[in-house]
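One chain is shown next in structure tokens, namely the form predicted alone.
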Amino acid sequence: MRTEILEKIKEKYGSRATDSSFECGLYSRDLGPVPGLLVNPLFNTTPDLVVRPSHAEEVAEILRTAYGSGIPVTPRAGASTVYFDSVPIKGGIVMDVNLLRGIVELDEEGMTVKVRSATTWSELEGYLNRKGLACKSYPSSAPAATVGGWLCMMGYGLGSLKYGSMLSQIKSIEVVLPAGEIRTLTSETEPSLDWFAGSEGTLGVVTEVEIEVRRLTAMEHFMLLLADESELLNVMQAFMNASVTPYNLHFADQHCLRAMDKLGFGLEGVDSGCTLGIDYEGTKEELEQARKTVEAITSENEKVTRLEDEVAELEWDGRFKALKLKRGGPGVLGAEVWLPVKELAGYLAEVQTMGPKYHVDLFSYGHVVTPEYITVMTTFYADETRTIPYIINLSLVKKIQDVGYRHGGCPYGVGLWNTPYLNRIYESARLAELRKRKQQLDPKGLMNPGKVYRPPFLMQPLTYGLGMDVMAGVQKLVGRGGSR
């Protein structure tokens, strides 16, 4: 029966559907290369069918058919994370929504734009800029990340410090629920659109988003060199408490700077310390006040050096290229941590102490995204072509998350691989509410199953933690293993 249903979908959608083993295999991973030895015994990550709908009615038709036949459906667009958020773990259908692209309607008077969900942030920003407008915020993966995808993640990135999360900017969404019902949701509907923020494709398929925009204004960029991470935190907080709110605050620690330097991307004359980038946007008056703020903070502190404006401009121009660190690879592993700003110095100090213990060089960078929180990416080199050493290296991802947890942090995003940390990410009442929502909208559990709500059996916190700790112990003993 299941095979017949899949064949009917394939016939109906013609060239927009495939069950080719080669093409389906391309959907069995995301940006994070995980060895088959670790995945294949536990999950079925190769879909039985990939189908590409072109509008909401086709999405609804596919979901109705799949839901009535008990076939799992995994929505996928940019797949620009490493948590298997958009990778199937029970086979079934992968719904590639990348044809849902383009601008639906621009309301310049109301300062909103309605956009199809698979439109990338770079595409949306380019369209708006030609109209004298701009996005309020966007992810650091804007060239690949989609509007709907970022909503279904946590939605914090560049611009969030000034304008808030993506959720705070959304007016309405069009979504197809798991059983195939098309709904337009707002903050006043039942369910509310905020159910879908951070839902990671487990509650339905978002097809359109109506989001607030801003006027395109001038920008000013500054780059500071600081003596150490403690000074970094002090200066960072000074900018956050100033009268003009930065559009973006981003840092790189000394290990990240050294790694960049080895790759030929270093800052001229910089051989120690860490950097803080401060980006402002606004009116002429606001930018003038921003310049005065920078001058005041730097002149008061002899441990702070302001780098040339050209350096700051180049850093801003390269804001989407953090993964150029991978060139020192062949690959990188790491963890993104949602961390209280006040804990940044302590976190970085512990991470830097941890690196030599496990024979890896850990480098960290990140963005302040709210007055209280910063997202920190801590990474290290690993060789994905050497399977066993690479699997051992994966244990250090948990060790990084453990450091974050000790400093009040948790993983940024859940997907599959962060489900062992659910009790760190959510308080028990919040997790119970999320599970209730899932049961209400998807009682059969067919919409992107196995993600967000419960860890699989072998990834229960106790067994997972013990396994990772044992492998981390091996990493201590064997030395560099697959790392560099």
Ligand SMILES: Cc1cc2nc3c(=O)[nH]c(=O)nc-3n(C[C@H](O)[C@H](O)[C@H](O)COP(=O)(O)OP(=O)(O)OC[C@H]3O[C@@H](n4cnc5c(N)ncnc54)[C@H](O)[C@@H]3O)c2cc1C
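None of the values given here were measured: they were computed from a predicted structure. The numbering used is simple: start at 1 and walk along the sequence shown.
Omitted here: the form predicted in complex with the ligand. The next part is about that form.
With the ligand omitted here, the record of contacts in the predicted bound form names 198 to 206 of 342 to 350, 238 to 246, 293 to 301, 198 to 206, defined by a heavy atom within 4.5 Å. Taking a 4.5 Å heavy atom cutoff to the ligand in the predicted bound form, the contact residue among Gly155, Gly334, Gly273, Gly331 is Gly155. Checking Tyr381, Tyr412, Phe363, Tyr280 for any heavy atom within 4.5 Å of the ligand in the predicted bound form turns up a single hit: Tyr412. Residue contact check for Leu38: none of its heavy atoms lie within 4.5 Å of the ligand in the predicted bound form. Using a 4.5 Å cutoff between non-hydrogen atoms, Leu161 does not count as a contact of the ligand in the predicted bound form. At least one heavy atom of Ala79 is located within 4.5 Å of the ligand in the predicted bound form.
At a distance threshold of 4.5 angstroms between non-hydrogen atoms, Phe251 is out of contact with the ligand in the predicted bound form.
The candidate site formed by Asn129, Ser137 and Ile211 is entirely out of contact with the ligand in the predicted bound form, as no residue has a non-hydrogen atom within 4.5 angstroms of it. Taking a 4.5 Å heavy atom cutoff to the ligand in the predicted bound form, the one contacting residue in 104 to 132 is Ser117.
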